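First, one chain by itself: the form predicted on its own, in structure tokens.
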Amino acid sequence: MNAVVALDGLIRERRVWRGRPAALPPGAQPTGIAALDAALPTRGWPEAALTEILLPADGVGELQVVLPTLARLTRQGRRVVVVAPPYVVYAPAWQAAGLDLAQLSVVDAARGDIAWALEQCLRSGSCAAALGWLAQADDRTLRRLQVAAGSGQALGFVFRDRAALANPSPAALRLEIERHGLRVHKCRGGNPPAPIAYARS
């Protein structure tokens, strides 16, 4: 007997349950980039989850993708932590982007401790968002960060080299910064949309 015919019969007889995808409700964490919000299933960042942002090189405008969200969170009196940024955090530029600097913390960590420090911040429950640049991160490390973001109810952002696309990731959202926009490679709750035009200043 043909396996497809047998399965169809079982479904018709209601002996096998067939799930249907449920639309995710809109989240409460808009990205601040209208085109990106419109393209994502939750209309914003996945809540209490890890977002991986892949880069051709550090300093290509990756912060512009998250600054609107970080500014909104700090203006709400919520803590944002930056772990071991590759460049000095220039406070006047962050303030000009709308961040309340009283709610911004910068954690210095040795290269080998960045993932651990980021995990502690995400898990703490005291941060609305934590972000860091990871030169090396395996699946286990990313999974720990994903779990930490969930248990601490925080937005986690990791910036990585686009070479990491060759490996799978447990992150709920995986974006790549391209020359003229953003490409979603993975998103919780739906199929990745077409590339998104986005002009960075």
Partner chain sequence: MLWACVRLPSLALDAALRRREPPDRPFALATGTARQRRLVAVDARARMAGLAPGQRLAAAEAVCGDLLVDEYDPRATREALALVAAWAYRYSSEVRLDPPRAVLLEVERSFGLFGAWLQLQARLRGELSALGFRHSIALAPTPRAARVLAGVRDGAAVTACDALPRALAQVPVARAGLPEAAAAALAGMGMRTLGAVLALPRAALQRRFGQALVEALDRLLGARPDALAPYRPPDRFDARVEFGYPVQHQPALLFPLRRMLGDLAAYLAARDGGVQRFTLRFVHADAPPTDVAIGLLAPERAAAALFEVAKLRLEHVTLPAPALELEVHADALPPFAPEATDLLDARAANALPWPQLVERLRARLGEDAVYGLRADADPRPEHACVRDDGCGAPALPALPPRPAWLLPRPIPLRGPAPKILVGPERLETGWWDGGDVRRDYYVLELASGQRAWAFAAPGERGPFMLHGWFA
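Only a predicted model underlies this, so the values are computations on that prediction, with no experimental measurement involved. Numbering follows the first chain given and starts at 1.
The form predicted in complex with its partner chain exists for this protein as well; it is not shown, and the discussion that follows is about that form.
For the chain shown alone, Leu63 is a contact residue for its partner chain in the predicted bound form, at least one non-hydrogen atom being within 4.5 angstroms. Contact annotation for Arg79: at least one heavy atom lies within 4.5 Å of its partner chain in the predicted bound form. For the chain shown alone, Pro85 is a contact residue for its partner chain in the predicted bound form, at least one non-hydrogen atom being within 4.5 angstroms. Residue contact check for Gly59: one or more of its heavy atoms lie within 4.5 Å of its partner chain in the predicted bound form.
Contacts between 115 to 129 and its partner chain, taken as any heavy atom within 4.5 Å in the predicted bound form, involve Trp116, Ala117, Gln120, Cys121, Arg123, Ser124, Gly125, Ser126, Cys127.
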